[in-house]
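The chain below stands alone, shown as structure tokens; this is the form predicted on its own.
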């Protein structure tokens, strides 16, 4: 479990913090998506959690260990996969993984077996005798994930790990992250690919200019922002259109009626079906949807959406 409390991070003499008073928890068995524009503070937050840099203010607890006061124990419980893997490119994979394993007291046949298991799992075993400079970008990311998993940590940080992967790589990453959740790991997934966050995240935290501005629960994804009502009225006539105009802007195409820019709450909009039935209209389809995540996200981070 990762607990972030009032996290603030300044760089140098810059008076504007890269991250400001951020509070967020990533629970065991949970995937939290982390979304924001470039420069919003996502990578800074992840680097602080991983212990690469220290917070200016606030605390980060990893499995109840303070990342500053008890850095060694906290770091042992974290698997960090950076956006751009940075390894010694003239090194071969297995010797480097053995070196990483040594940090956790892993050695001998058990470490050898673990390395083989992970390299096969992430589909880089056939490249085990190649130097990392000969790995493709996707293979380097797979190696980075292998390195992060070597000690089977309880918490994983993925910083734009999906970037640069082909569709098969994205699918494999999705499968991996879901398997981590199933095994009780806490996962923080930063990504520009909002559709993937929408697919697998239990919650999505949106950050803007260093500040956490919104946390979206999975149950809210189907009803974001301004709702739109779509109704199929088998015996539609002009009076039905007039009746619906008090609820919002009405668009008609045959028997399909779309009501946008609602003037009433979503709760009131759900009663439209009953109102139409009361007036003798036969409704064969009634659906209320919110904005898509991408439109809602852009509205928030560009200052156009309700928080």
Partner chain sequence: MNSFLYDLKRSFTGKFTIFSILFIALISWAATYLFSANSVVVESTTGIGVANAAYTIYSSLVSELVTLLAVMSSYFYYGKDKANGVLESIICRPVTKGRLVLSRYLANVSSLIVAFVIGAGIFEYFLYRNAGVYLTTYYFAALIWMYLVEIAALTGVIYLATQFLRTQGAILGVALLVFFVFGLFWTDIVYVISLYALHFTSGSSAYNMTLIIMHAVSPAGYSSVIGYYLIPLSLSHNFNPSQYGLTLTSVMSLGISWLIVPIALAFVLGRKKD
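Positions refer to the first chain, counted from 1. Predicted, not measured: the structure shown is a model, and the values here were computed from it.
The form predicted together with its partner chain exists for this protein as well; it is not shown, and the discussion that follows is about that form.
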Site test, 9, 103 and 147 vs its partner chain in the predicted bound form, non-hydrogen atom cutoff 4.5 Å: yes
- request: Let me know the one among 53, 264, 61, 258 whose heavy atoms come within 4.5 Å of its partner chain in the predicted bound form, would you?
  value: 53
task: Note which of 213, 96, 200, 176 lies within 4.5 Å of its partner chain in the predicted bound form, where distance is taken over heavy atoms; exactly one does.
output: 96
field: Which of 201-209, 69-77, 228-236, 179-187 lines the interface with its partner chain in the predicted bound form (heavy atom within 4.5 Å)
entry: 69-77
message: So in the predicted bound form, is its partner chain close enough to residue 91 to count as touching (4.5 Å, heavy atoms)?
response: yes
message: Residue-level question: is residue 270 within 4.5 Å of its partner chain in the predicted bound form, judged on heavy atoms?
response: no
field: Distance check, residue 86 to its partner chain in the predicted bound form, heavy atom within 4.5 Å
entry: yes
- request: Report whether the minimum heavy atom distance between residue 57 and its partner chain in the predicted bound form is within 4.5 Å.
  value: no
